Structure formats: structure tokens, C-alpha cells
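Let us start with two forms of the same protein chain, each given on its own as C-alpha cells and named structure 1 and structure 2.
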Structure 1
């Protein structure tokens, strides 16, 4: 068999030409189109990755903001609760203070009323006792109550111990003696009283008198910081203490009723 080399060469050239043509007009555009598509896909993948990263960052930021909001809300609630508790305590303290002030004012008012009542009671009782005693003595014995009271006072003053008389003498020498009485003392009573005072305390003694209608029945000697009295004060004081105890029992009963 003879080989036609020309034909072989022609077939080889045709084959090479076919390959070039296929590469030039078929495989080349296809590979180029595939490269372009791969590039677009890679670009979209990168964009998707960037969008995913952006979404992740936005989600993290949202979570941070949400966490800060929750913390702020919790802090606000805590501060509001503390302010409410503080305001409530302030209202309670204010209420207690006002109640205490009202109680003090009420007690002061009761104390004033009680003092006024006792002063008026002592005045009226003293006046009534004085009138009754004077009238009774005058009707029964013909004696004057003031005279008897002064005589009794002089007798008690004369019976003072030496130490007491010495103290009275020192005080009287500095300031003199003030004689207080509920009614004006007569001349005979004054003379007897002055004679006894000067006999005990000294002849140069300065004696002054004062009549005070508000004073209970009795006589007082005031010299310096000392005071000697003889009258119904002690009885009035005992009466006042009894009335005070009655007031205290009434107040205690009112307090128990208020608390119940």
C-alpha cells in the first residue's frame, strides 16, 4: 500500500486548521464566557459576604444598643424605686413631726388651761375660805382671822432655831424685809410683827409691806433669797397635786383610747 504523503499533509493541515478554528470561534468564546460568569459569581459572592458581614455587625450593634437600653431601663427603675422609697420616708417623717408638734401644742395648751384653772381655783377657794373663816370666827368668837393668823405667824417666827435666825439676819441686813399678805395688815398687827422682827433680826431693819389680792390667805416674809410663809398655800398645793393627778389620769385614759 502506497502512502500519499500529500494527502496526509493536507489532512494534517486541515486538522490543525480545524483545531485553530474551534479554538478561535468556539472554545475561546465559551471559555471567555465561563471566565466572565465565574468572575460575576465571585463578585456576587464577595458582595454577599460583605452584606453578611455588614448584617452581622448591624446585629451586634443592635444587640449592644438593646443591652444598653435594658440596662438603662433597669437603672431607671432602680432610681425611681429609691426616689419613691425616699419620698415615702420623707412623708412619714413629716407626718410624725407634724403629729409630734400637734401633740406638743395640745399638751402646752392643756398645761396653760390647767395652770389658769388652778390659779382661778386657788383664787376663788382662797376668797371663799377667807370670807367663811372670817365670818365664822367673828360670829362664834368675835376674833379677827387676820389678827390670829399674824399672831400665829409671829409665834412660829420666834420659834425658829438660832441657825435659821442667823441666816435670816444676814439676808435681811442686805435687802430688808418685804411683808406680803392677801389683805392689808392693821396697825396693831404691823407693830407687833415689826417689834418681833427687830428683836430677832436687828433694830435697823427696813420693813416694807405689799398687799396682793391674788395671793392666797396667809403672810410671807421675803428677804434676799429667803422666804418664810404661813398660810393656806400648803393646802392649796396639796389640792393642786390632787387635781394634777386627776388630769394625768384623764390624759392617760385619752391616750389609751386614741391608741386603741
Structure 2
């Protein structure tokens, strides 16, 4: 007998038992491990995808920032260049202004120096000329220069025209006469001068004297707003003009050298 029914039943039970055993010890654990691994891989893939997405977004953000930075840098460079050009122009303008002010100050200083120099020159020359003339006249002729000058002035005054004398009279009656001279006039000269003035302008005159050493050689009569003078002022003025011309030539030459 090839089939033994007890063995068939026993083998069927054995088979069912083996199904349970393998399900318990083989399929279950293996499938669980595979499922766990698949879930883990799936979650890692998800994480990787999320990280990839995050990285992509960050890369896009960085690219945007980079672009903005580049644009900002170009704009900044342009602004800086503009500011630098503006600043440079301002400095140049400032330098020019300062140079111009310095030049003005220098010119003013030169002008002031010149005026002071001229005043001093006038005074010195007047004084020297007066001294020399007075000394030479005194030595050579025995005459006093001031006296001669005064006499000459009186003669010139007497020779004034009617109109000029009338103007003088009006002015003298209003404010009197001030006589200015570089050296004190002697008694004789004063008397002669007063007599002549009273003869021409009238008796009721108030005459006062002032000696001013800064004055060049000569005599001045001041009638309020009018002035009559007799002296070397015109010579001095001509001398001053000549010195001015010299100065101007020197300045022009200095200006050419500076520009070249």
C-alpha cells in the first residue's frame, strides 16, 4: 500500500504546523524587516527630497541675493564715482576760491604796503627835499624857504580871479580859515598872510594855524569845503604815479611767470 492514511493525516498536520512555524519565525520577521527598511528608505527619500527642495530654494534665494548684491555694487560704484567726481570738483572749486582769496589778500596786502610805502616815501622825500632846499637856499642865498614859499603863495593868492575870490570869501565867512603847513610859520609871514587874506576876503576873519609834520613841503588854506594849496604835492603825485606804474609792471611780470 503506497498510501498510509495515518501518515497522510500526520503529514497534513505537520504541514500546517510548519506553516505556522515559518509564518512565526521566517515570513513575519523578514517581511517586518523589509517593511521597516522600505519605510526608512521612503522617509529618507522624503527627507532627501525635502532637503533638496530646501536646498533648491536656498540656492534660488542666494542667487537672488547675489544678483541684488551685484546690482547694488554696480549702483554703489556708480554713486561712489559720482560722489568722488563731485567731491573732486568741490575740492578744486575750494582750492580755486582759496587761491583767489589768497591772491586777493596778497594784492590787498601789496596795495596796502604800496600805499604805506608811498605815504612814507612822500613824507621822507618832502622832508628831505625841504631840508635840502632849505639848507641849500639858506647856505647859498641866506633866504628862508618857508618865507619864500609863503610870499609866493601870498602873491598867487592875490592873483586869484574875482569869481574864485568871491567863492573863497563865502566859504571863509562861514567857517573861518585853517592854515596848514609842514613847519611853523614865522610872525612876519603870518602877519603878511593875514593882511593879504583880510584885504581880499574881508576884515572879520577867524584865522587859525596848524603845523603837520606829515605834510610835504607847502601851505594849505582850508575854507570849509574849499582848499587852496601851494607846495610840492603835485610833484609827489607824479612821482607816486611813476612808482605805481613800476609796481604794475612787476605784478604783470609775476602773473605771467605764475601762469606759465
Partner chain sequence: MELSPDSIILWQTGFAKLNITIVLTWLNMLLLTVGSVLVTRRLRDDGKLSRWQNLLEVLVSGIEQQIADMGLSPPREFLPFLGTLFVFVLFANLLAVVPGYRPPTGSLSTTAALAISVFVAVPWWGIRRRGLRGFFGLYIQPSIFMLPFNILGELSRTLALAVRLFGNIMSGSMIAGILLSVTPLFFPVVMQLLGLITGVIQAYIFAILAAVYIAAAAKVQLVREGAGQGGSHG
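Rigid core: the largest C-alpha set superposing within 1.5 Å between the two forms. All values derive from a computational prediction rather than experimental measurement. Residue numbers count along the first chain shown, from 1.
- Here the chain appears twice, and structure 2 is the form predicted together with its partner chain.
- The Cα position of residue 206 differs by less than 2 Å between the two structures after fitting on the rigid core.
- Once both forms are overlaid on the rigid core, the distance between the two CA positions of residue 99 between the two structures is 2 angstroms or more.
- Once both forms are fitted on their rigid core, the CA atom of residue 40 lies 2 Å or more apart between the two structures.
- If you overlay the core, the Cα of residue 90 moves by 4.0 Å between the two structures.
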